[in-house]
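Heads up, the chain below is alone and in the form predicted on its own; it's given as structure tokens.
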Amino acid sequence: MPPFQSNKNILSLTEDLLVRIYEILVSESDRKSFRLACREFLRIDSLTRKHLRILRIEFLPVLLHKYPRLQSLDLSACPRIEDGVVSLLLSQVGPASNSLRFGNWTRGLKSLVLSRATGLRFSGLEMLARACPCLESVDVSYCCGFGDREAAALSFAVGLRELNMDKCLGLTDVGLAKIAVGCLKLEKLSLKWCMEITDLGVDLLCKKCVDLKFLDVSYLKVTNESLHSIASLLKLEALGLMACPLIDDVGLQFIERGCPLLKAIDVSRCQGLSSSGLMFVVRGHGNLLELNAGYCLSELSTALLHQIKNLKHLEVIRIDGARIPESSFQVISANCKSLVEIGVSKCVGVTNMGLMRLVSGCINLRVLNLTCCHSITDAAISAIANSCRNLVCLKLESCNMITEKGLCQLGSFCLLLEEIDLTDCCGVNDKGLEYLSRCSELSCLKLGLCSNISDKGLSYISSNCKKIHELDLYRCTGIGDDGLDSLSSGCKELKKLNLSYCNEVSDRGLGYIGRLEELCDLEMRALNKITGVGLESVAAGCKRLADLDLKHCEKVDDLGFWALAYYSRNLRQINLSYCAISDMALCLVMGNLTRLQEAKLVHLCNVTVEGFELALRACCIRIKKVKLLATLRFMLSAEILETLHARGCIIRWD
């Protein structure tokens, strides 16, 4: 068929068919290729796109005008979203409506992510809440300055069903009351680290928001009284109580008699609880699907085990840090056939025989955490591989007795494996990596402190594991430039890479890293052979780089930092501590990187007080967190410190 006729057929497809084709495309790179093909495809992209994550705030007005049918908007990556910006967007983007010219983009918006939007305050939040009548989900987590006024602003979103306020440190019972009264349809609420919330606020919440299905009050100083209130929630399915220091077994008795639909509970790190308290929960909820009691129990008692075996539908159990009798594994294996995840990290009593008994019955396991179970050997790994063919995640950090024999079994039978943590497993060698490379679905591989692997082993992984997104080679001293050459050729989808203390890596190796166009997180502390030339290669090639750690890279000169300032416009976090950067280069980096939110600038010996002052002035509008040497507290001007504080920037003095 002639090329012109083929093109005519494609463009003659109906809009409905083109939309269906677009929706089949999963990856963002494929969708980007689609919309760049022709104007008609670009129009389909504009009409169809429902989710948008903004990386640079200057493009926000244009993008909101371009995509009028958004249902989800993520602004968490923008360095600064302020009340003035919100006002401008609502008044300029779109047709007139009421007193403000609310844009079309607000009318269908259901989800809004404002995590870490520290520049936003109650005025901007209220404008958004009023302008988005369909809003159902809001995330303002880690907005540490948010308090009761911001909560009151959110209460205008009366249709809200999901709200995440983790680490909104100024929130008190007053603000929570505003939300409870205004957002009666709430089904999911997370209040982790909202330390000012008390039993009074939780009680009112439970009385007003009776449709709650998910509630997380982890790290709060609530008492058993709050559990008494929570027990009245008839629709609650998931409850987070992690590290609540004031609750005890008496409080869990209330949960036993309430929350009839409870399916998941997290009481990890609750030091006041014992096996007796967990028995109340288990006994009262036979349909429990998830039980997280990590670092909560000193020992898995026989009485508790007797109750757990009745949980026929249990899918997830985490009892990390407890002493486990070997016989317990047989009981769990024989009775909890539905388990897909087990966590026994740092547990005393985990043996080869115990694990063999466990996996003989729990053949549907997909996630198994054996971190710091020092007694297990290849025999246990062989049993796991033979029984658990659907395993996707296996954590074996500090299991020092595992060798290539165990990895051979994993490579033979666990072909669906996506994540494996072999950190500090000194028995892992190149031959083991060759066996492991048969797991072609691997996306996350952690090999930190594996001193017996080399470039040869890395080449096996690079050749067969094309889907790897995350690779940790921390202190793998046998890895050098040749290994990075094979890595850059084979693992094109790599997004996160840790090369810290890989002392054999030089500028040539960084040249290969520059080929990884998808890389967004790179750690390379103390690489003593790299210079500005290598850093320039990374900056020029890895345009998506968002997090960069250069601590103790003392031979990198201003040439590299200038390249960083010019190319790496997407950087959000950077660690330059102990680097040989100059005043001018630091000012250029801090001023040019317009998306930079966090910087660690400790022990910069070539930077003067004036250099720090100018650099901080260059970024004070957008920077959210900065780490400085403690002595600078008394040398920097009061004006710059006050400006940073007023902008919501957190300064950590080292």
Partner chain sequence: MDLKDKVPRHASFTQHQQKWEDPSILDYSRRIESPFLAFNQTHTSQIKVPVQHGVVNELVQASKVQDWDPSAMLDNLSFLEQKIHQLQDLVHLIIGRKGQVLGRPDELVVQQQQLVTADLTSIIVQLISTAGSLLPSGKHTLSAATPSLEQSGQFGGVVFPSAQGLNDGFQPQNAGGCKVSGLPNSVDISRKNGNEQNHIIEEHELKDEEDVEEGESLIPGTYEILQLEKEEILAPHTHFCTICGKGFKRDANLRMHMRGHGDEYKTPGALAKPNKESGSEPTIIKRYSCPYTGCKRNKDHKKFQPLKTILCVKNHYKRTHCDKSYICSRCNTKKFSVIADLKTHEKHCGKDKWLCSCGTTFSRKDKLFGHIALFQGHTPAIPLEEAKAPAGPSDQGDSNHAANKVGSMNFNFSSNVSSESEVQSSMDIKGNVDDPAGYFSPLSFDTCNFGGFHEFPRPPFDDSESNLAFLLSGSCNYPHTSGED
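Numbering follows the first chain given and starts at 1. Since the model is a prediction, treat every value here as computed from it, not as a measurement.
The same protein also has a form predicted in complex with its partner chain, omitted here; what follows describes it.
Of the heavy atoms in V174, some are within 4.5 Å of its partner chain in the model of the complex.
The closest non-hydrogen atom of C362 lies beyond 4.5 Å of its partner chain in the model of the complex. Using a 4.5 Å cutoff between non-hydrogen atoms, Y578 does not count as a contact of its partner chain in the model of the complex. In the model of the complex, its partner chain sits beyond 4.5 Å of every heavy atom of K312. Partner proximity in the model of the complex, defined as non-hydrogen atoms within 4.5 angstroms of its partner chain, places exactly one of 579-587, 148-156, 330-338, 369-377 at the interface: 148-156.
For the options V316, L559, L169, V181, the one in contact with its partner chain in the model of the complex, meaning a heavy atom within 4.5 Å, is V181. Exactly one listed residue, out of G251, G201, G406, G354, brings a non-hydrogen atom to within 4.5 Å of its partner chain in the model of the complex: G201.
Applying a 4.5 Å heavy atom cutoff to its partner chain in the model of the complex picks out K207, K208 from 205-241, in order along the sequence.
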